[in-house]
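Quick heads-up: it's one chain on its own, the form predicted on its own, in structure tokens.
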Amino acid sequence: MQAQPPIAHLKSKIILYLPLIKSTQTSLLLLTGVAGFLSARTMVNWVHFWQMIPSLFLAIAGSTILNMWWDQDIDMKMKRTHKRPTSSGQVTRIEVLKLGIIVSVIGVGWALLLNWLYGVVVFAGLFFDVAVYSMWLKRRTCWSIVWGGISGAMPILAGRVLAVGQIDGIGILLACAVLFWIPTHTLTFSLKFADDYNSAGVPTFPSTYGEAVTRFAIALSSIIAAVTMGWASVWIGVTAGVLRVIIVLSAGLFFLAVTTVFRPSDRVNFSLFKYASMYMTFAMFLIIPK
């Protein structure tokens, strides 16, 4: 068989590598970082802003790639993930590992050079995601999602830290809003794909505590996320009109979350899963000053 030209080979590799970063998830986390930075509502340091975007993107993408590398064996056992480039054998484990390390080092290194505290927060997000959540806890306990949530909350805190130069109350509130939003997203996902996780031997809330407790946890985390986001929005100083929109969005999240407890169904669960992503996306845009 004739070898591919170098450019064609590189293009085919890039096509295989792109799914490794989970573009939708990475984009949403990057958006939270942007919102955290711009929530400062001070004179924007555009030099910092335009360096934050690639450094944070690379750190998030790097951690996702490393998770793909580590989870290859369980991804092979799940219908939802068995066709990923890693689990299908389209890319080798060693090249995924090398790519993840290179992308992560560039992202975290860039962040540290930009601002040491910002870099520490970015590194903490990667460390909690890869080392604590994936490597240590994911296969041992369903409570791993707490640590996964902490890593998911780091981008918005990192953006805020880079803008104001310190970890402040608003940054902590915004991070908590994302932290408590993540179970709404992940637990609905674990309900929908319970059989997949069981076949891979990954403990989840449904398999450990049952569906009723899981739905209650979803409702509780949704309520806390909505309240925390509202509190942070008031502290940031959003306009009354923006605050009303956030309250309406939060009410929708609250309604679906409570419905999952008292009128559970696959349809309601899927609606909450989709709405949760929409809620966080719109909330991030709303806290950015106009």
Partner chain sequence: MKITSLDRILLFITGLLAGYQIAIGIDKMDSTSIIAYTIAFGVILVAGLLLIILGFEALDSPIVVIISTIIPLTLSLGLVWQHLASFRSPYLLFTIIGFLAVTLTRSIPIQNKLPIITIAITHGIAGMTIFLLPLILSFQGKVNPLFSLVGIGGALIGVLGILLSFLKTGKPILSRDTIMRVFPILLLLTTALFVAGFKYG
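Residue numbers count along the first chain shown, from 1. Just so you know, these numbers come straight off a predicted model, no measurement behind them.
A second form of this protein, the form predicted in complex with the partner chain, is not displayed here; the remarks below concern that form.
Asks: Does Y17 reach the partner chain in the predicted bound form if we count a contact as any heavy atom within 4.5 Å?
Replies: Contact check for Y17: no, nothing within 4.5 Å of the partner chain in the predicted bound form.
Asks: At 4.5 Å between heavy atoms, is V47 in contact with the partner chain in the predicted bound form?
Replies: Heavy-atom contact with the partner chain at 4.5 Å: absent for V47.
Asks: So, V258 and the partner chain: in the predicted bound form, are they within 4.5 Å at any heavy atom pair?
Replies: Taking the distances in the predicted bound form, the answer for V258 is no, it never comes within 4.5 Å of the partner chain.
Asks: Counting only non-hydrogen atoms and a 4.5 angstroms cut-off, does S271 reach the partner chain in the predicted bound form?
Replies: S271: yes, in contact with the partner chain in the predicted bound form.
Asks: Please identify the residue among V227, V242, V34, L28 with any heavy atom within 4.5 Å of the partner chain in the predicted bound form.
Replies: It is V242 that has a heavy atom within 4.5 Å of the partner.
Asks: Taking a heavy atom within 4.5 Å as contact, would all three of K98, I101 and G119 count as contacting the partner chain in the predicted bound form?
Replies: No: no residue has a heavy atom within 4.5 Å of the partner.
Asks: Heavy atoms within 4.5 Å of the partner chain in the predicted bound form: which of the stretches 47-55, 245-253, 64-72, 230-238 has them?
Replies: Contact-bearing stretch, as computed: 245-253.
Asks: Which residues from 258-284 come close to the partner chain in the predicted bound form, meaning a heavy atom within 4.5 Å?
Replies: If the 4.5 Å heavy-atom criterion is applied to the partner chain in the predicted bound form, 258-284 yields R267, F270, S271, K274, Y275, M278, F282.
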